[in-house]
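One protein chain, two forms: both are listed below as structure tokens, the first as structure 1 and the second as structure 2.
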Structure 1
Amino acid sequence: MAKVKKQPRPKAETPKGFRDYFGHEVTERQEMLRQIAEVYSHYGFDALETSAVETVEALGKFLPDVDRPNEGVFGWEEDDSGWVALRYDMTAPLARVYAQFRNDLPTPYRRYAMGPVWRNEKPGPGRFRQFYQCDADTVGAPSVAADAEICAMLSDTLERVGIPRGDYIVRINNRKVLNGVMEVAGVLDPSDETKFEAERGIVLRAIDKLDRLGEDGVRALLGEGRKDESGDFTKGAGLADAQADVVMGFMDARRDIGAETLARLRELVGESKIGSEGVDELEEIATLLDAQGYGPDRIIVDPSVVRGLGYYTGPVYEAELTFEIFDEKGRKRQFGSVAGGGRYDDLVKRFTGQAVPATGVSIGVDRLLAALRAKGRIGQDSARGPVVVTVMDKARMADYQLMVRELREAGIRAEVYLGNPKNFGNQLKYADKRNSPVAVIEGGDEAERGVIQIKDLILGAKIAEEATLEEWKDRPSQYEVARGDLVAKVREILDLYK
């Protein structure tokens, strides 16, 4: 801990790229994680909480994301453990745990993990160095029934947290099918996988840019190359037209009916062994999901899903929210992807030398929360503060405490004002800052008469904003009730805003 500059006063700031979460931001996320854990657990997945710190050796030096291989971690050196770092995802620790405890864990091992991960990336707007991941993986199950199960679970999970059917879609693809298509297009040689690697890289990146460049742009990249608006030239994969047709056909293979998509893919992969295997697997997944009633309104086979394909070895899947929201500039846009995953086989092998099949999904909890907030589906109740019992007479604090006790025992969130009670206006300002729905007032006069004043602060705020003087008179937002009616009257007001 060297080099701490001497300063008269330390700065009250988080390190760059970190932030704090307040009140309902925390509780809404907790509630969502609880709902997700409930679904995962019902599917037989077991909780796992690994340490936040791992040895760099166990973690691996780089993130597995091929698009950003140099994404950093937060690491430091310890005398007794060597170089250690904060975990950057939940998958690397899972591989370590499975290798370490494989004799004690059941096989297959279904586990879920939720918690913060840390990435030493350049921070940007809405992009933080600490964020939540919420993963479910099945380790040691070679059957694609495990992939189907996770897709079904993903669908159930989205509905559990409040995304209604029709507002989301789970898309499934298979890395093997893409390999088959590459083989047919002549950019993959099964007898020498290193051949054409550069070309395949260009093809992958081109497919990934379909949204942005459109079909013509992608086709140019598959061929000789493409000049962008600024005049810069990007070298293409050098595919002949017939080869490019195969790749373009793959991206365009989705049909309205799943069986037709599969038939089209089978055409495209032709004689490719790996390609046929991929289509067979997709078919098996589709059959299993169909039998359980997951129709195309929830889960579809969609060859245009290429997300993270470099990392996966078989089925890949992704969940997208299909409704539109307004962005910060007021423009309509699709909300987009909130979860993704797939099958990967080599993570445990690093430790044990044995390949262990695994498949899993990661849900972007913060994105899901943002979606639900954008649709107004959460944040109404959870942002509401407690009932505030004001203090008119410091000597009668015990009486005020008794009032909050009664309210709490009735299940109502309540507190006594504990600041300096001299200025009553400050107490109401405090209640306002707390977003309190109700304030309770009992001065000496009220105490003598056995009554209390109950202020409906929500109505009060509304009247202050909207009402004319006439209306103000007609719609009182303060009620005098008997002391014994405290709980009943407060509940009556709270019920108005449920």
Structure 2
Amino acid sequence: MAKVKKQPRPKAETPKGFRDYFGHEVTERQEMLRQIAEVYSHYGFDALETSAVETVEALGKFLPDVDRPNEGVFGWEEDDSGWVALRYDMTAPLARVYAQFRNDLPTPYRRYAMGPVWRNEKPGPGRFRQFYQCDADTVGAPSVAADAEICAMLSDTLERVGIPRGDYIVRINNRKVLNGVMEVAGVLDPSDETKFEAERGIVLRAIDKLDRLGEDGVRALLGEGRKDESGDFTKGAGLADAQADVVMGFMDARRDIGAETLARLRELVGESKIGSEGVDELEEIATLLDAQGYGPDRIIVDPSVVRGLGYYTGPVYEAELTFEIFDEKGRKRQFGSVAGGGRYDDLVKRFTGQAVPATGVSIGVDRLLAALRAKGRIGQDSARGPVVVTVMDKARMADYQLMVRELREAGIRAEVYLGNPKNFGNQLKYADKRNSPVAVIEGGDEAERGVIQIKDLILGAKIAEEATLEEWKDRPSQYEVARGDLVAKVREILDLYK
């Protein structure tokens, strides 16, 4: 008789590019999403939740930084409906929803959306294939007042979640200004936008690599091309030196004063109609923001903002955290961008055939959480576990459950120990592993006397690590109180560690 081959056990491992989130990580994210939603709601935006799956046709070719259609998504073919894929952002679903329900929705339509998105891209350190986005968009508003509002709301949101003024800056640029610059440089013909299309694509990708390649690397790509350290050659846009000078001048146009930056941009775009229109829009945005008190300490015009310029059609903005952190090798570096957005007037047109103005912003929630953790601004309170009521007598479980109920009704997170109560030391080890601030103890003796023991686990751990015997005697971490004072004493201890 043939021996049946035993099936191997499945490996308990997370798929490549994904990760699991535990306890306080989930709680921290939920709290941040709540805070962001509160700001968005105060600005008059309504919540929208779309399906995690969209048709590939609806997703289109708008995935940033990817040249080929459908590249970068997790897709599969359905028998009856063709190809579908997990959403890679919140914007493409919004365009589909607005086109589908436009007769029922107000115009402009203001919505925010929060949730996971999926990118079928090569994972790396801190780069995952599933991550959270938190978007707010206005569809149907042609005025750049909508863009100014988004920038103001982004500033307010960062401050609401714990990034103080001075630790961030919102930078604004405009795709139309770059188009004007490329017209002056001779790689854009307003009468025939198909001309020089390949060259413009190379210019856009080169500009987007400024942070990584530096000015010399970008200039090489604007010219004949660039050979990297491995010897691989990337063909350039073929611009002459004078043409490249115009493009490089655009990226270096920022001045200390906003008005001087705008004046420099006007010089660069010259007689270009589209370029002048872009500078006018930046000037109007700056005026609107200044009137509301959003000065250069929070929001600035900065032509060096290049990310996403190939995706957007007008103003673009990016929020950057300016404080320093230490990387995994102990080196100081700035944290960088945590949010970005802009105007994308052509996206809904794919469905309706009519141009529909739209603008919006997306906040990278996981990056923002990482930044706050790096600065020690979150992590302590959210990681704290529940109060643990220990079990000294299994026959008195109802009494312990009553204690927990009283604590919960007072708004205190609490639980009864439900493991094997035989070894009391294991109960305290459990509380320690749960990062519990307080343990409640009531044995038979305490029950007869109408008292309970309340152990301050945070102070107890600190005393064990740092205190001398004399200090330990002066600062007891365990208190005996009347049974009726349970909630008050626990609250008193918890308030010490807020």
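Rigid core here is just the name for the largest C-alpha set that superposes within 1.5 Å across the two forms. Remember, it's a predicted structure, so these values are computed and weren't measured experimentally. FYI, numbering is relative to structure 1, first residue = 1.
Peer 1: Tell me which of the two, 1 or 2, is the form predicted together with another copy of the chain.
Peer 2: The form predicted together with another copy of the chain is the one given as structure 1; the other form is structure 2.
Peer 1: Is residue 171 one of the residues whose Cα moves 2 Å or more between structures 1 and 2, with the core superposed?
Peer 2: Residue 171 C-alpha, core-superposed: shift of less than 2 Å.
Peer 1: Is residue 419 among the residues whose Cα moves by 2 Å or more between structures 1 and 2 after superposition of the rigid core?
Peer 2: The answer is no, as the C-alpha of residue 419 shifts between structures 1 and 2 by less than 2 Å after core alignment.
Peer 1: So that I can tell if residue 242 moves, could you say whether its C-alpha shifts by at least 2 Å between structures 1 and 2 after the core superposition?
Peer 2: Where the cores coincide, residue 242 still shows a C-alpha shift between structures 1 and 2 that is 2 Å or more.
Peer 1: Once the rigid core is superposed, tell me how far the Cα of residue 195 moves between structures 1 and 2, in Å to one decimal.
Peer 2: For residue 195, the alpha-carbon shift amounts to 3.8 Å.
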